[in-house]
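Shown below, as structure tokens, is a lone chain in the form predicted alone; questions about how it binds or moves come after it.
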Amino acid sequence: MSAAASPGKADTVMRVVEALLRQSFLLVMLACFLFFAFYNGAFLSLGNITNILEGSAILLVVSLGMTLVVAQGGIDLSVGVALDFGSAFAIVAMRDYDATWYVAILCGLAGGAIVGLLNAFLVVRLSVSPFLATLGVFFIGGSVQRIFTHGGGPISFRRLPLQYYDIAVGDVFGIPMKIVIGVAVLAVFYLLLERSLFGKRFHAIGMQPSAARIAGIATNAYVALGFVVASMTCAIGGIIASANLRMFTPLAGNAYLMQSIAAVFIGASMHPRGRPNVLGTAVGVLFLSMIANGLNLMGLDFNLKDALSGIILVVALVFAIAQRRLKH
């Protein structure tokens, strides 16, 4: 009896282990959440949860822009430049040209569109690879910012219109405006990329560009549009940042580049087919924001905090990739 029962128990253990591995990334995320909650009771407070969600709003919109470009088979290393241009164009429009708050927002979006159009021109018209094209725009954009600010000094404007300032500090029925904007952009991207013919064509271009062209999809037009929409989305992050700080800080957007890439690839690693997806990116952003917040509450040294963040991210990605392979 015992010899017969032993294989059955082994099979049960294997099934349990496999079931856990299938949800391994979410288990890692839950383990981190419980650890931070146990270590510091303030982690679970409503104020801190709100801080996490508010603090992740800019990263979310930038990561969603990155998701769109990666979904079409590219990469965008200039997302930080688009964010900076959105911030700079809006602040300068109000400070130097007395623009109203809504005109300033349009100017910020235009600043992002310029970055996207330059990327689209290099990739579509000149056939430069997305990596090299956006890397070039990254360097060009950084130089333009330093030249315009005479070396990189911030441009402040303390007399912001109240409506513009409310983009960062206002609320809608008690919900902070940053969270409202982040959720709104998330909803638009979900409908656009995951629930529309437009999104299916983007994914088709990213997975099989030759087949997409044969099917009659105007791949060049979609790729160009993807870069422009992504950069304008990142400019929204710049508008939020400028409203929050009441200034434009050159090169500040670079801080979001690697985090946005990490969030997109966390989300892609969780997908059964390994493709970028909006909800996966949102989970990746939430994970990164939670880790940063939890480590801050622990009061760790800055250098040690970055190292631990990297270790946790690598472990989470390993489990997420294992999870995806088990689903095949």
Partner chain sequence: MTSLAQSPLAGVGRLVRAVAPSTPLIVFLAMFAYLGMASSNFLEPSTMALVLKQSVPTVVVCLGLATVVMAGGDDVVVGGIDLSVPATAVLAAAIIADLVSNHAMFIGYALLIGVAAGVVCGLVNAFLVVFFGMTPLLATFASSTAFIGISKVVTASRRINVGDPLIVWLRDGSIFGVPAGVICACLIAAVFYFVLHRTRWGLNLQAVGGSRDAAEMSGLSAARFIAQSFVIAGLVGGVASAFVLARGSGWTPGTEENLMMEMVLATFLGAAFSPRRIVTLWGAVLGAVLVSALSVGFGSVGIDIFWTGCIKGSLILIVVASAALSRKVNA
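Everything numeric here is computed off the predicted structure, so don't read it as measured data. Numbering follows the first chain given and starts at 1.
Beyond the structure shown, there is the form predicted together with its partner chain, which is absent from this document and is the topic of what follows.
The single contact residue among A71, V223, I239, L77, judged by any heavy atom lying within 4.5 Å of its partner chain in the predicted complex, is L77. Among L109, L122, M94, I181, the residue placing a heavy atom within 4.5 Å of its partner chain in the predicted complex is L122. None of 225-233, 143-151, 99-107, 240-248 except one has non-hydrogen atoms within 4.5 angstroms of its partner chain in the predicted complex; the exception is 143-151. In the predicted complex, its partner chain lies farther than 4.5 Å from every heavy atom of A88. Under a 4.5 angstroms non-hydrogen atom cutoff, its partner chain in the predicted complex lacks S156 among its neighbouring residues. F265 belongs to the set of residues with a heavy atom inside 4.5 Å of its partner chain in the predicted complex.
Not displayed here, its partner chain is approached by S129 to within 4.5 Å at the level of heavy atoms in the predicted complex.
Heavy atoms closer than or equal to 4.5 Å to its partner chain in the predicted complex belong, across 177-197, to no residue whatsoever.
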